[in-house]
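What follows is one chain in structure tokens, specifically the form predicted on its own.
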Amino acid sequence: MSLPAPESSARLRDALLAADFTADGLLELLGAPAYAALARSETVPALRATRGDSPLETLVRLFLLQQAVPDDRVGAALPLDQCLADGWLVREDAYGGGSAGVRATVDVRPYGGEEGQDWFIVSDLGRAVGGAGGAGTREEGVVLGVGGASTTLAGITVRAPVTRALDLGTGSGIQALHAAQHAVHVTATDLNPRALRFTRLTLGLSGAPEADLREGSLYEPVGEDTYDLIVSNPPFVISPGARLTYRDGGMGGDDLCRTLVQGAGERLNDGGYAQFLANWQHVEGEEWQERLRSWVPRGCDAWIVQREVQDITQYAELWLRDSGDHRTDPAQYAARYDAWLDEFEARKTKGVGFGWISLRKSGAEDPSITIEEWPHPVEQPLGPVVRAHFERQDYLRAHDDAALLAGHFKLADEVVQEQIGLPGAEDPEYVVLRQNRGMRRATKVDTVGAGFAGVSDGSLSAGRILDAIAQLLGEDPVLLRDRTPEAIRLLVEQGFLEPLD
């Protein structure tokens, strides 16, 4: 199906905003339960909530529920003739129906920007990700809308002002849309030319500047160009073959993600960030952390967070459901399932990890590479947390133990102390510091660590605080100064303490 002409985007945007066809407007109209159900691609509650004839109800039925709507109702909400002429809408009889009315040709979904902007993500009809059955399509060139993966990447991305940003594998354009708010120039690439056209529609309908759109795979479209920010939610699924462009990378195992990460180093400007979502194999006889460590390009610091691990049967079933294969002939489904397991067996894969990979071009001879498993809840957006993580690595790399003890620190905001022990006991068995923001980490500390954190307000150096603690506890201050810097480093690295110098 041909796509709408982007030239009418500004007029259509005005009509959508006038009808309050926004994220906030939808929430008010539908109510929280129906709004949440719609995000899961469940439409019945929204159908029940849009039985009236207001412009907003008309637009929900038209663009989100893919219903045919009578001309007069659409004409009250949109410039009908122009939307028909430009291809946003089509008459019902063009689909073989006999009743009067029009239908949308694309999914137009309100999306709230990080600063409250009213944006719109344009994708193929019914392809807003999130339903229990996954995308449910076996169409090769389909372009999906916003899903959990794309919003996760948007949330973890560092939002510093930059000159040049690259959205690699742009899809419907959500990462390019975010980048356009803080980058002077945005380049968006995709192997699927249809995705580039959708990105242009998303940017135009959201009132964002146009991007430099380039067709091709991985870094091929950008040649030797370099960037201050690279983001990618790539087709990272580890699958037998490349059936679906939006998810299957077409390279063996996790080679696509490895190639993407390794290639980022030479395309980042000094101080630049590259941030990816990825899958990686857990292979028999190999530590997954070492596998990922080998991906990190020279001259880059890295922070890699594994959020989830699935065994190979769970993984195969997830993506077979995603493409709707579980609804096909049972013999065909079994054959496809077998093919996935054959692929994993050949590669000695016992599980598949999913997570975030963040790189920063530091140029350090001794790069900081942090690889951890963190399946616990976090608080988005994490972009500021990612940036602060790398800044702390710079600080720790530049300060030996003597410099650390001369430094001044402040306990991070929203950190609380918990004392764990038996009821009635005179002293706790141990003390836990817990973050209520960001990564929401928790770490055990001893009496010295708890006391140090509790009085760290920036007024005294670390060494002077330890001297006071030594006097209070009756310990040798020299020995305490010798053994405590390691604990201070850990609290700084994990974000419990903030250096002030």
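This one's a predicted model, so the numbers in the text were calculated from it and none came from an experiment. We number the residues from 1 along the sequence you see.
Unshown form predicted together with a small molecule; subsequent notes refer to it.
K.L.:
Should the three residues S150, I174 and D190 be counted as contacting the small molecule in the model of the complex, with contact defined as a heavy atom within 4.5 Å for each?
P.N.:
Every residue of the candidate spot has a heavy atom within 4.5 Å of the small molecule in the model of the complex.
K.L.:
Can any non-hydrogen atom of T370 be found within 4.5 angstroms of the small molecule in the model of the complex?
P.N.:
T370: no, not in contact with the small molecule in the model of the complex.
K.L.:
Can L256 be called a contact residue for the small molecule in the model of the complex at 4.5 Å between heavy atoms?
P.N.:
Contact with the small molecule, yes.
K.L.:
Do T170 and the small molecule come within 4.5 Å of each other in the model of the complex, heavy atoms counted?
P.N.:
Output for T170 is yes: heavy atoms within 4.5 Å of the small molecule.
K.L.:
Could you confirm whether Y246 comes within 4.5 Å of the small molecule in the model of the complex, counting heavy atoms only?
P.N.:
Contact check for Y246: yes, within 4.5 Å of the small molecule in the model of the complex.
K.L.:
Work out which of the listed stretches, 112-120, 142-150, 386-394, 342-350, brings a heavy atom within 4.5 angstroms of the small molecule in the model of the complex.
P.N.:
Only one stretch passes the 4.5 Å heavy-atom test: 142-150.
K.L.:
Of L218, A364, L411, V309, which one comes within 4.5 Å of the small molecule in the model of the complex, counting heavy atoms only?
P.N.:
Spelling it out, the residue with a heavy atom inside the cut-off is L218.
K.L.:
Which residue, S239, S358, N233, S206, has a heavy atom that falls within 4.5 Å of the small molecule in the model of the complex?
P.N.:
By the 4.5 Å heavy-atom cutoff, the listed residue in contact is N233.
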